[in-house]
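Below you'll find only one chain, the form predicted alone, shown as structure tokens.
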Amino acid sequence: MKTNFRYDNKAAYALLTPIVVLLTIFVVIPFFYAIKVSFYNWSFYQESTFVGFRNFYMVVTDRLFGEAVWVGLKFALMVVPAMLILSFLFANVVKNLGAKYSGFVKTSIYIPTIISGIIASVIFVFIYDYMGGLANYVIGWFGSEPKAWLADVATALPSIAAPAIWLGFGFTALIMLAGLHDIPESYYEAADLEGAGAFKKMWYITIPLMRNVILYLLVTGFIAQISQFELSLVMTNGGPLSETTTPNLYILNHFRNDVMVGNSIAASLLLFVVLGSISALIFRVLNSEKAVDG
């Protein structure tokens, strides 16, 4: 018995070693190196000089960084709840479809997920085109004047949120569908015997048993959307008036334009703290619970 225990330990260490080595090389070492660089005026072309917390002070006191974080939060709040609600409703519809149609629908809704953000941006730039875009053509049916969707301060950020929802909708819906299939049918049958309606079954059975799935999609969704920069880079380049400058676009602009990159590294680390704080807050509000077996 003791021999088997030692053998199991050796096998476990042997399996874990490649993962630990890869994590150390590609995650741990770059992370600590980034922390070190953030305390320097670091450049590819000049000798680095130690500046202490000066880079962090410059980022924190930069009005544009605070505005970029706020834009990222607003963007995530526009995209994530809408994407979750639409995906939840759509997954319920697909669940009740027959096998013949559900396979086609699942494949169809996943197609936007494999399209890159750059291509989606170009497609939606044409849709929002002032002269011949589909968006202005549709609102023209209702007698509205054409809008400069991407140049107007009021509509620029929601206009970018639309393709973000389109890109993430398929993946989120499939995760929701997997969660719905994992709920035992016996729960719904028992609810039917008690005379529960569709809304009560959704409120007291479906949503509580989907909590872990929703928690996962909330955390990953918020992190992904606050980190989004491709759409704003291609569609508006952060404008108008920095209304669509997300945190990562702010960091990218500094990295491209500043000779000293310590400021960009400091901003990246502060964004890491913001994302970690949001994730911790979501976990705190929606406690994860072990699923109950049926």
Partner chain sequence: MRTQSLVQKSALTVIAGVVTLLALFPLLWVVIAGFKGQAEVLATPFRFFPKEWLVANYTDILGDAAFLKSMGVTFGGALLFAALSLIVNSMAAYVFARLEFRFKSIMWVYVIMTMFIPGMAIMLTSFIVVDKLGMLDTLAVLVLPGVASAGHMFFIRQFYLNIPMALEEAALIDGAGRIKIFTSVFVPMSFPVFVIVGIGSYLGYWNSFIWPTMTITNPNLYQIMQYLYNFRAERVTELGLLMAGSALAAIPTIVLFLIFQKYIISGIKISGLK
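We call the rigid core the largest set of C-alpha positions that still match within 1.5 Å between the two forms. Treat the numbers as computed from the prediction; the structure is a model and nothing was measured. Residue numbers count along the first chain shown, from 1.
What follows is about the form predicted in complex with its partner chain, which we do not show.
- Of the candidates 73, 115, 82, 224, 115 is the one whose heavy atoms come within 4.5 Å of its partner chain in the model of the complex; the others do not.
- Contact annotation: of the candidates 153, 202, 139, 123, the single residue with a non-hydrogen atom within 4.5 angstroms of its partner chain in the model of the complex is 123.
- Among residues of the shown chain, residue 9 is one whose heavy atoms approach its partner chain to within 4.5 Å in the model of the complex.
- Of the heavy atoms in residue 193, none are within 4.5 Å of its partner chain in the model of the complex.
- Although the partner is absent from this view, residue 68 stays clear of its partner chain in the model of the complex, with no non-hydrogen atom inside 4.5 angstroms.
- The shortest heavy atom separation between residue 24 and its partner chain in the model of the complex is within 4.5 Å.
- The candidate site formed by 28, 110 and 229 is fully in contact with its partner chain in the model of the complex, as each residue has a non-hydrogen atom within 4.5 angstroms of it.
- In the model of the complex, the residues of 249-268 lying within 4.5 Å of its partner chain by at least one heavy atom are, in order, 251, 252, 255, 256, 264, 265, 268.
- With the core held fixed between this form and the one not shown, residue 30 has its Cα displaced by at least 2 Å.
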